[in-house]
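Below, in structure tokens: the form predicted alone, a single chain.
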């Protein structure tokens, strides 16, 4: 795996007549970014020598020497992956009625749910598929997702026990059903645990995450966080909405105090209409998000303990080492149908859980169709074939391979087509600018997991 150039040479203003690089103003006092969009090759150069750098020299020579290698890596990442994970939705039901949920409310009230035998049969079929193309020493991943997976707890725990040596397991839960027995089972089996919490107090968090009767669940989530203290395999997801944006830095303080090892501060996915009224505008989301990131840095410097914001760390890694990124939303085509797919309780297969409830995106059924055939079905190809080169605006954007114009389900349902942008374009641009400012200032490692770069190599480091 190669790291793109980090060149701190110096430079001026306009792109040279034969230069492949696009200047990107990152709002840094001394440096500007140069990006070659097709290969995601980049450099940071001093503003007062930009013209000189664009005209030629080590940066251009290095790009020419490495361009073919980088192009091959990006092509492999974008077009030649095979799935290694599945979002396993064992139930459509949920005991909460969160206002921004992407699953339609009628499904969450009384939808389909797998029993134990059906779930075990599904895992057996999935195991056969993954073993057909994955190395024997690499385990595929199954993430029990929702609606609320713990409503199918007995079946899921039976599956984890039966297949503990054949999959890596994770569960994303609202935490209301995580009692001590459940936590002991999950942690004892090394299961990754994701919780959800949208605010540092019940007054804020319960605005968007409620039971069907309107009661909040803040206290349940906090108890689960406290029970998981010291377990490295858990994280907490916050969905950023208009309701909690003013409180994100306070939420970071709360997570850090509770010793949460990693969190995600996710934008609202606008696939369903209910989410769109809560999304917040790009500037408000950007300002709150970057302030929260800065707060994680301050806390790290004060205490020596990191709170990694995983979705931002993924953007940083997308810049530093594009093929090492861990989350596949921020690449085009996205990971849906390529690096993962989603399974519904009735066996229906979707490119991603975000499409559950959208019947036109069913590619087939796990119990009746070959997975390889499903991956080539028209609904899957509609997602897999979505790429930034075909999206107006993204096609000329120099940071298109750091962002990926997510999310296809959102773009399709909110903006009327697969080859439209999703929401939060300006927010993603600002994330990249901020990430590059951190790199220019040498602060970026403070926002990443320790050891994130194991297995990578530096391709070049001109003046770094």
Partner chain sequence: MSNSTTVKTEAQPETRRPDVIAIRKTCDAEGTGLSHYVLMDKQVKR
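Numbering follows the first chain given and starts at 1. In this text, all values refer to a predicted model and were calculated from it rather than measured experimentally.
The next section is about a form of this same protein that is not shown, the form predicted together with its partner chain.
- Note on the partner interface in the predicted bound form: the residue among 371, 182, 310, 120 having a heavy atom within 4.5 angstroms of its partner chain is 310.
- Interface residue among 375, 264, 177, 96 relative to its partner chain in the predicted bound form, by the heavy atom within 4.5 Å criterion: 264.
- The stretch in contact with its partner chain in the predicted bound form, judged by heavy atoms within 4.5 Å, is 244 to 252, chosen from 215 to 223, 375 to 383, 108 to 116, 244 to 252.
- Within this chain, residue 353 lines the site of its partner chain in the predicted bound form, having a heavy atom no more than 4.5 Å away.
- Heavy atoms of residue 25 never reach within 4.5 Å of its partner chain in the predicted bound form, leaving it off the interface.
- For residue 64, no non-hydrogen atom is located within 4.5 Å of its partner chain in the predicted bound form, even though that partner is not displayed.
- Taking non-hydrogen atoms only, residue 35 never approaches its partner chain to within 4.5 angstroms in the predicted bound form.
- Taken together, the three residues 152, 275 and 346 all stay farther than 4.5 Å from its partner chain in the predicted bound form, as judged by their closest heavy atom.
- Along 79 to 105, a non-hydrogen atom within 4.5 Å of its partner chain in the predicted bound form is carried by 81, 84, 85, 87, 102, in order along the sequence.
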